[in-house]
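The data below hold one chain only, encoded as structure tokens and taken in the form predicted alone.
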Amino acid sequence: MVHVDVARDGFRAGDHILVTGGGGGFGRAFAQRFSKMGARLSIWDIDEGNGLETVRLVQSAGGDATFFRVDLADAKDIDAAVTATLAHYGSPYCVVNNASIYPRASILDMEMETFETTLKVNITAPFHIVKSFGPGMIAQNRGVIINIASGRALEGAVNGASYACSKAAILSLTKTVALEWAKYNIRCNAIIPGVALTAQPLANSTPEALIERAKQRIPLGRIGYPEDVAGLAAYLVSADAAYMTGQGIAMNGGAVLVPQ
């Protein structure tokens, strides 16, 4: 029996969506995709030039976006950005915790300060952000949180312990938020991207090398692109995903399979 009368809440044109790390890569692709859907966008980034460029691209296409500079390693900076964002757009319908850092060093060579800063940016900041915007989202009795994880959370990462640990923690945070806030009609899911043409993998490679490596190592035979992941994010905020919460969804061409 098909229950056509079941309420399925999802994104509505005019809803406010916040994207951290919105200045490039996945973040910019999210912003542009959400803008096409009619979202009002808060773009958070530490890089003012990149953040303003995303805003320019959105606005030049007829969208509504505002840049907020924020250092996610600084709790006071996050608090200030939360206040400014709420004053400008009000509570978000969706928060995308996308920003992260990936310092490379072996366990023996990694400085404790580097490890701790990675955790601040990659997991403490998302927790802080969710906690800060949570009351407003709960009052609206609707909302979506999307956390960006990584295949490194599942496999570990040589010369990337801080990153792998933080991304594993993001998956755990996703499940906990989903369980606690389901009663408020707030869904929380994580996207687990594979290697894509974004700044992090390009820090140690070239586009040509990544594309060629993908042909050999990825079952679907190609590298990922930010637009691939943005399409999944668009689905997760939609009414079509109204019955999905607490999940980690991998989009990586089959390179890393989520254990069942």
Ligand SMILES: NC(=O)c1ccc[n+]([C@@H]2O[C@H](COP(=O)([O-])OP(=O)(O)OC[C@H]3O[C@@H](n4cnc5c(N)ncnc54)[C@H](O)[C@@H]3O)[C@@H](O)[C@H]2O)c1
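For every residue, the number given is its place in the sequence shown, counted from 1. Source: prediction; values computed, not measured.
Note that the form predicted together with the named molecule isn't included here; everything after this is about it.
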- Message: Is it the case that L173, even though its partner is missing from this view, gets within 4.5 Å of the named molecule in the predicted bound form, heavy atoms only?
- Response: no
- Is there any non-hydrogen atom of V195 lying within 4.5 Å of the named molecule in the predicted bound form? yes
- Task: Tell me, yes or no, whether L232 is in contact with the named molecule in the predicted bound form, where a contact means a heavy atom of each within 4.5 Å.
- Result: no
- Message: Even though the partner isn't displayed, in the predicted bound form is A73 close enough to the named molecule, meaning a heavy atom within 4.5 Å?
- Response: yes
- Query: Considering I101, L154, V82, A157, which brings a non-hydrogen atom within 4.5 Å of the named molecule in the predicted bound form?
  - Reply: I101
- Which of 91-99, 177-185, 107-115, 131-139 lines the interface with the named molecule in the predicted bound form (heavy atom within 4.5 Å): 91-99
- Taking S42, G63 and V144 as the candidate spot, are all three within 4.5 angstroms of the named molecule in the predicted bound form by heavy atoms? no
- Scan 33-47 and note down the residues that get a heavy atom within 4.5 Å of the named molecule in the predicted bound form; none is a fine answer too. D45, I46, D47
